[in-house]
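Just the one chain here, laid out as structure tokens, in the form predicted on its own.
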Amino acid sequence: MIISRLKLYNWKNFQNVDINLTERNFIIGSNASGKSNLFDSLRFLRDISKQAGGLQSAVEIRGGIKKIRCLAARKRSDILVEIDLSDEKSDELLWTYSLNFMHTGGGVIKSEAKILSEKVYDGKEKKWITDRNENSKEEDTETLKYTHLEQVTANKKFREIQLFFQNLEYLNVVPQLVRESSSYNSTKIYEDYFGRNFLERISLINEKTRNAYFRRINSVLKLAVPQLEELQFHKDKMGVPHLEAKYIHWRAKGSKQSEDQFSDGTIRLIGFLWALIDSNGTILLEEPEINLHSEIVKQFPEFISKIQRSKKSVKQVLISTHSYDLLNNKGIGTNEVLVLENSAEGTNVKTINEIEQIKAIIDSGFSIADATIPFTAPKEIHEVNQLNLNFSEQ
């Protein structure tokens, strides 16, 4: 099951967008166009769905409705997040989940999110099986604080949706946080988006499965990281998890290094590989090319497809990127690339096929990278070299 469609209204950068998604999508755009905020709409549904989560918590950790609501919102101030879930093989629509909410409270009354409507469509039954709103007889101000998605007693008929979002993965490994992970108390970390709990998560996998994952990761690392012979997992005397790599050099037996000695690129590559191998649902990858050699990045699209074709593997991968090398892969289809464009009315999202200027360049023989990277670049960035930066004249 994959996310085949995402509709957003008044969500951060996006005033009103309706996006079709495939098993693999590359999301590109200028800085501050909303790539991370697009991902965050899906993380929002995950935060609602998971244990100890819920609507109020998901809104609160984002700073409240005012921080979520699009600045381009005019007459309407409500927010809508709606998704279609389809079978990845047949494209059959399985579920639609729609959540519409707004801000309530303020002053002496606690600010909270109020549900305006929550709807669930069952594609197999071909009907809406949940359709609750503020006018429903069984609803009141208290029940409209909580989604049925987060309540196991209420989502029995569509619990598959809740489980889907609980398994959604987002990864943007920050090497410095992985190196310093032993200094953090992981129980106090709300969510591990950036690698603080990365090593601990590896330790929770049973040994047989973990060893199988490492064999696959090692097969890639031997080709991508010079002199790296083998990556292993172990715990020190205090029970703290660590990665350890054997490097071949002039000494006969080589030498071993732990994660605090790994390069930034090596740590990010390990995180990228682990995420793809460990996940069996949808994964969101934030600029995986950072710190990596261009020749490694070039292989990402085909490697992802190979992983997706294997059994019990990640079904859908959404990648935000600025990388020319990644987008220059000939195997990428024009329907797989989503282009984010800033406007006074919020960010627009279109596929390459919907942007004539880009499509014409590709049709004339240029690559997707050649057509899209200049298109998404700041229009006047070339003028930076003409700025007067002589501070003595000011």
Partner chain sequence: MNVYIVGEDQAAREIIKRLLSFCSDDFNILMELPARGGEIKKMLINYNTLSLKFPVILLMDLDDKDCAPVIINQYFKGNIKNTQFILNIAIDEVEAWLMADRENFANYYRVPITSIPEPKLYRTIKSSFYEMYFPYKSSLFMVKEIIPLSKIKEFKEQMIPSSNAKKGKEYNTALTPFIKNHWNIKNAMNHSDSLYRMINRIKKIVSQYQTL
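Numbering follows the first chain given and starts at 1. Here the structure is a predicted model, which is why all the values come from computation and not from measurement.
FYI, the form predicted together with the partner chain isn't displayed, but the following is about it.
Enquirer: Which of these residues, D325, E336, E354, E341, gets a heavy atom within 4.5 Å of the partner chain in the predicted complex?
Expert: Contact with the partner chain in the predicted complex is made by D325 alone.
Enquirer: From the list I68, I27, I358, L55, which entry has a heavy atom within 4.5 Å of the partner chain in the predicted complex?
Expert: Here the answer is residue option I358.
Enquirer: Given the stretches 31-39, 60-68, 47-55, 362-370, which is the single one in contact with the partner chain in the predicted complex, using a heavy atom cutoff of 4.5 Å?
Expert: It is 362-370 that comes within 4.5 Å of the partner.
Enquirer: Evaluate F375 for contact with the partner chain in the predicted complex, applying a 4.5 angstroms cut-off between non-hydrogen atoms, and reply yes or no.
Expert: Contact with the partner chain, yes.
Enquirer: Counting only non-hydrogen atoms and a 4.5 Å cut-off, give the residues of 38-74 close to the partner chain in the predicted complex.
Expert: Going through 38-74 in order - heavy atoms within 4.5 Å of the partner chain in the predicted complex - there are no hits.
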